[in-house]
Structures are given as C-alpha cells and as structure tokens.
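Form predicted alone, single chain, as structure tokens, below.
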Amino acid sequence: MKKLLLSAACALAVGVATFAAVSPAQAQKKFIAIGTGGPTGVYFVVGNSICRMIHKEAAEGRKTGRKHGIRCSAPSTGGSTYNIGQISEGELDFGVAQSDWQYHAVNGSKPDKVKPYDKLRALFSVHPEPFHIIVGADSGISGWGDLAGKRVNIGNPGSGQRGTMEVLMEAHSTGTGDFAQATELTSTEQSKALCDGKIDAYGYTVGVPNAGVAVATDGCSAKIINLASDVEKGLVDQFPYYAFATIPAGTYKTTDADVTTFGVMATFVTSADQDEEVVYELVRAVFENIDDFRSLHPAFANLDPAKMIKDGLSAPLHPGAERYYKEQGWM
C-alpha cells in the first residue's frame, strides 16, 4: 500500500511539474485566422503562403528561428468585403482585400457595399489584379456593349469581383435587367458554368495567371475582352486605387494579343486592435523570406518590397508593420 501511495504521489508530482513547465509556453501561443477568397483564386494562395512563411520562421521544435508561438490558418472565404467585415467583428484576424475596398471601408464611402471600419489597418500590398471580362468562345461578345441580353455572372455577394462589377455596371449605366440573366456564382463555379454553356460571360478581379481563368480559356476557348474605353479611363482618372493593367499575350491559350483592362491591388489588412508583436512577426516572416514567397505563385514573381509597403494602401499602416519597415530603413 505504501509503495502504491508513493507511486501515486510521484506521478502527481511529475504531472504538476510537467503542467508548470508546459503552461507558460502554451499561454504564449497565438492562433490567427486569415481570410482569403475562393479556393482556386490567388487570394487563397496569398493567405496560405503567409501562413507558410510564419510557420517556416517558427523556432518551436528547431534550434534556430523566431520563438513567436504563432500558428495560423487561411481558410477559403467570400472575398474582400467579407474579410473586412469579419475583421471588424473580430471573427478574422487578418484578410486579403482589394485596394478599392480597403479605401471604401476605412473612409466609409461605400457603406452599402462594404462595412465602414475606420480601425482597418494596412500591412502591405501583394500583386496587381486586373479586372477580367471572360466570354464564351461562341458568345459573340467583343466589348462591354455586347453583354446586353446575355447571361452574365456578376459574382457572389461579399466578393471583390462582385463589387468591382457593380462599379463598372454603374459607370456604364448598366443594370442587371439589361442582362438576360445575372447569376451570383462564386469564383470556383463560374468557369465551369461558362464551359457548360450555362452563362455567356463573367467578371473576375484576379491576379495573372490564374488557374480558374485557365479552366475557361484553355479548357473551352473562352476569351478575355478589352476594357479600355472612356468609361474605364474615367474610373482610373477619378479613383487613385485603380490603374490600367495589361494581360500579356500568351498568358492563356486564347490570349493571342495583349489585353488592356483596369484593375486594383491585392492588399493585406488587419484591425488597429491586432497585437503589435503579432503583426511585426507576420510582416517580418514575409519580407525575410520574400524570395521563397515569390516562388509560390507566378503572380508573386515581381513583388518589390519598396512598392509593397505603399502601393494600394489607403488605410493607415499598422504600428507593427511600420516598426519593421523603419528597422529596415524603408521608411
């Protein structure tokens, strides 16, 4: 009996000691969630690439690295405006968002499209995102005016592509009633729907090249049309977050000439309430491993830190990001 009691006491002592040793480390762990976009889009790659860089930097389990204790996940979400809304609600810690919706959220200039949130903070921008109008091979569509009477996917509510499509529709004085049908398919569904003949065209704001676009262009000979009229020029002249962009010839099988369109930047955002140390470590992980980051998607190939810390950023920088940039002598 004495031996049993002694064994139990020893086991209890070991358990207490183990708990005391483990608890502080566990308490330091920080789990962050990053809002992305559709699983075939570049936003999904952005979020998961950032997580990859964070985990690469982590020292836990290795002799070298950063003992930041951060772990992250980057699930597929509804896109730009959804991510901003969920950050404001505290349901997401970070998110990828188009530069125009970053602007409208922090300035409260499109409250019907994106939730006003003056505590939104910028970290950096990523890749340019040309707005694509992708049309079926036999649709007979060669310009915006040809969309009238056609079945057009305008994008799912909460996505950046839906927001930009609505801006363009308003600028062209086009309503959903001008289309034979206005569908609300997600970025994952739209290319297949085009190839299956269920829609004639869809709008998509996305980095180049994109696997989802290739499903339509390379899979069923869909084409990307030019958007370079006076209407688009007016948008670029009026709003600082827009710029003209080129989709180079040869990007997809049916891109036999350069396509001119306009677009935004993909940006990475958070809340002013986000912990400064977490933001600092996240930004550091990305920029200390920028070559690895560039290799994770063709759209990242030309990322330039000097541009990433200013292009497309209309919200104030988070102090954690600013601190790292100043340490590097970039600001």
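The first residue of the shown sequence is 1; numbering continues from there. If you're wondering where the values come from, they're calculated on a predicted model, not measured in any experiment.
What comes next is about the form predicted together with a small molecule, which does not appear here.
- Figure note: of the listed segments 237-245, 191-199, 176-184, 156-164, the one touching the small molecule in the predicted bound form, with heavy atoms no more than 4.5 Å away, is 156-164.
- Residue in contact with the small molecule in the predicted bound form (any heavy atom within 4.5 Å), chosen from L123, A74, A222, V206: V206.
- Taking the partner from the other structure, the small molecule in the predicted bound form has a heavy atom within 4.5 Å of a heavy atom of G38.
- Although the partner is absent from this view, Q98 contacts the small molecule in the predicted bound form, with a non-hydrogen atom inside 4.5 angstroms.
- In the predicted bound form, G78 approaches the small molecule with a heavy atom inside 4.5 Å.
- Contact annotation for I54: none of its heavy atoms lies within 4.5 Å of the small molecule in the predicted bound form.
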